[in-house]
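For reference, the chain that follows is the form predicted alone, supplied as C-alpha cells.
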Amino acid sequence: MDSCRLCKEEGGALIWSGEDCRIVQVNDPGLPGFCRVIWHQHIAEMSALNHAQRHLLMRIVVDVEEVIASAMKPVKINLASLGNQVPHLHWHIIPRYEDDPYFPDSVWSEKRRDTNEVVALKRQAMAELLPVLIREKADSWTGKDSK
C-alpha cells in the first residue's frame, strides 16, 4: 500500500527480519527498550492471519516481551496492537517504569514528568543489549530467513 508507513519504512531500528515479520527498536529516549513486531504483509487485523501465522506472531511477541522483562527489569510491560493511525498489523512491546514520562498512563498520553537523566542513561545502556538477546531467541522461531 503506497500510503502505509510500515509498508514503506522499517518502523524503527531493525533488530531481526524473518519471512513473515520483523522486529524493530523504537528510538524514544523516554521509553528505552520499546520494540515493535511488524507483520510484513499489509493487513490490518489479527483475524486476517491463518492459525499458524497468528501462533507465530504471538509467539514472537511473547518471546520479545520475555527478553525485555529479563534484560530491562521493568515494573510492567505494555502490549498494544492499535492500528488506528497506521492500519498495518503491528504490536508494541513497551517496558514501563514508575518514573517513566507517562506512567501510570499509556505512552500515548500527555507526558507527566522527565525521567532522571542518570536512570534514563542506565536504561538506555540496558536496551542496547536487546538486539543481541532478541536475535538469539529468533533462532527458535522459523529457522530460516533471519537477519
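Residue numbers here begin at 1 and follow the sequence given. All of these numbers come straight from a predicted model, not from anything done at the bench.
Beyond the structure shown, there is the form predicted together with a further copy of the same chain, which is absent from this document and is the topic of what follows.
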With the partner left out of view, is residue 83 within 4.5 angstroms of a further copy of the same chain in the predicted complex by any non-hydrogen atom? yes
Q. In the predicted complex, does residue 51 have a heavy atom within 4.5 Å of a further copy of the same chain?
A. yes
Tell me, yes or no, whether residue 78 is in contact with a further copy of the same chain in the predicted complex, where a contact means a heavy atom of each within 4.5 Å.
-> yes
Heavy atoms within 4.5 Å of a further copy of the same chain in the predicted complex: does residue 103 have any?
yes
>> Would all three of 55, 65 and 91 be in contact with a further copy of the same chain in the predicted complex, where contact means some heavy atom lies within 4.5 Å?
In response: yes
